[in-house]
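Only one chain comes next, encoded as structure tokens, the form predicted on its own.
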């Protein structure tokens, strides 16, 4: 493979998904710091790579790709990683949970995270905070059930890039200050991945 560049900032949960994937598959890469408050991704140089002005972006020997889950799939596939199955059905299940993580799980936490973690003064509506927590908790219940069903993994009873994605989402769940219901399977999965060198690196108090 050619030179791999990963553009973004480690405080971004989506950047950490990509870095964690690259670390686990053992591919070499260099990072370039983009994203506020550092380098504004609305600069023309960055917009030419990603018109959404979001991080991360990779440049792999001239090939440009954005959207963190797409990048995870690409890296795990092109580097022949067991984190991305070969069989179509097993791969589809990993893909299903990667898509769910973005579309259903992460979509619920926005208001609560802004209000309770980031203390954004524009997010003080108690009703909307409660609603965000309620929907977030319902999504986490789905994840709890799946981890029980999957023997402690998200799909196919073994580690995949879907586990990295949901572990980072769980990290945000546990890092947001409110009374959390008890989800033992999520806690076990989270602690298992957090105990790894990569988990310690990407799920720290400095990167909620």
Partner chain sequence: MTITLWGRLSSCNVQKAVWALEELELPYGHVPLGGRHGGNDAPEYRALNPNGLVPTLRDGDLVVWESHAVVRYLGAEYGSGLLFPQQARDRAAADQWTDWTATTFQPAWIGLFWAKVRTPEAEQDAVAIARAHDATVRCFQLLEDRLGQSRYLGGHDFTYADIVAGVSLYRWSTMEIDRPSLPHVEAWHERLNERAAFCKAVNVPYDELVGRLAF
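All figures in this text were calculated on a predicted structure; none of them were measured in a lab. Positions refer to the first chain, counted from 1.
This next part talks about the form predicted together with its partner chain, which is not shown.
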property: Distance check, residue 26 to its partner chain in the predicted complex, heavy atom within 4.5 Å; result: no
property: 4.5 Å heavy atom contact, residue 33 and its partner chain in the predicted complex; result: no
property: Partner proximity in the predicted complex: residue 61 to its partner chain, non-hydrogen atom cutoff 4.5 Å; result: yes
property: Contact test in the predicted complex: residue 67 vs its partner chain, heavy atoms, 4.5 Å; result: yes
property: Contact segment among 38-46, 165-173, 178-186, 52-60, judged by heavy atoms lying within 4.5 Å of its partner chain in the predicted complex; result: 52-60
property: Within 117-142, the residues that have a heavy atom no more than 4.5 Å from its partner chain in the predicted complex; result: 142
